[in-house]
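A single chain, nothing else alongside it, follows as structure tokens in the form predicted on its own.
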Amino acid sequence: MRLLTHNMLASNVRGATTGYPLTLEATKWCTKEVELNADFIRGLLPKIDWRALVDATRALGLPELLPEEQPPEEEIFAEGAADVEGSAIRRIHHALLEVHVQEGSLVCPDTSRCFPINKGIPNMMLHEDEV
């Protein structure tokens, strides 16, 4: 599961007020290189909950990957930034698309319900009494 996916998921358990953001508890994760597409990141960034993304990277033990505050667009999309190792756009791309959670769980902030992640796939299925 990519952190992009994590950023979009919410719990629909009965009793959950928002069910978002889910707390990430990873026991196994890896990185898989993906070609950077600045236009894709540009279109995606307004839809991303920055605080949830930062918290997810911290949960994986990557505290230095992203800053607490989202960098300004001028910095992220500066000409030539995509070619600079360690630039804001490269770090954001890495966090969203190259970090893959293989095993662990997602925990609902309202109900503490755990949703398992197995082989990179989060199981968000609800039990009959949770609908």
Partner chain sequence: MPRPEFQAPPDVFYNESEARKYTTSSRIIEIQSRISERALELLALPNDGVPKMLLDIGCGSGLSGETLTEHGHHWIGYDISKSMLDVALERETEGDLLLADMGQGLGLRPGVIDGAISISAVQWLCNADKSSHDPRLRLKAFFGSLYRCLARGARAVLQFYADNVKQSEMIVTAAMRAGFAGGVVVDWPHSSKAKKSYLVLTCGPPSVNTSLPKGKGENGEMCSDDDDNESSDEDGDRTVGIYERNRPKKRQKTKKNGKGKDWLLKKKEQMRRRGHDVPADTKYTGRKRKSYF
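Positions refer to the first chain, counted from 1. Just so we're clear, the structure is a prediction, and the values are computed from it rather than from any experiment.
The protein also exists as the form predicted in complex with its partner chain; that form is not presented, and the subsequent description refers to it.
Asks: Is Asn37 close enough to its partner chain in the model of the complex to count, meaning some heavy atom within 4.5 Å?
Replies: Asn37: yes, in contact with its partner chain in the model of the complex.
Asks: With the cut-off set at 4.5 Å between non-hydrogen atoms, does Ser112 touch its partner chain in the model of the complex?
Replies: Output for Ser112 is no: heavy atoms all beyond 4.5 Å of its partner chain.
Asks: Taking any heavy atom pair closer than or equal to 4.5 Å as contact, tell me whether Asn12 reaches its partner chain in the model of the complex.
Replies: Looking in the model of the complex, residue contacts with its partner chain include Asn12, since a heavy atom lies within 4.5 Å.
Asks: Verify the contact flag for Asp55: yes if a non-hydrogen atom of it lies within 4.5 Å of a non-hydrogen atom of its partner chain in the model of the complex, no if not.
Replies: Flag for Asp55 set to no.
Asks: Quick one: find which of 61 to 69, 74 to 82, 23 to 31, 42 to 50 has residues within 4.5 Å of its partner chain in the model of the complex by heavy atom distance.
Replies: Residues of 42 to 50 come within 4.5 Å of the partner.
Asks: Residue by residue through 109 to 126, tell me which have a non-hydrogen atom within 4.5 angstroms of its partner chain in the model of the complex.
Replies: Going through 109 to 126 in order - heavy atoms within 4.5 Å of its partner chain in the model of the complex - the hits are Lys119, Gly120, Ile121, Pro122, Asn123, Met124, Met125, Leu126.
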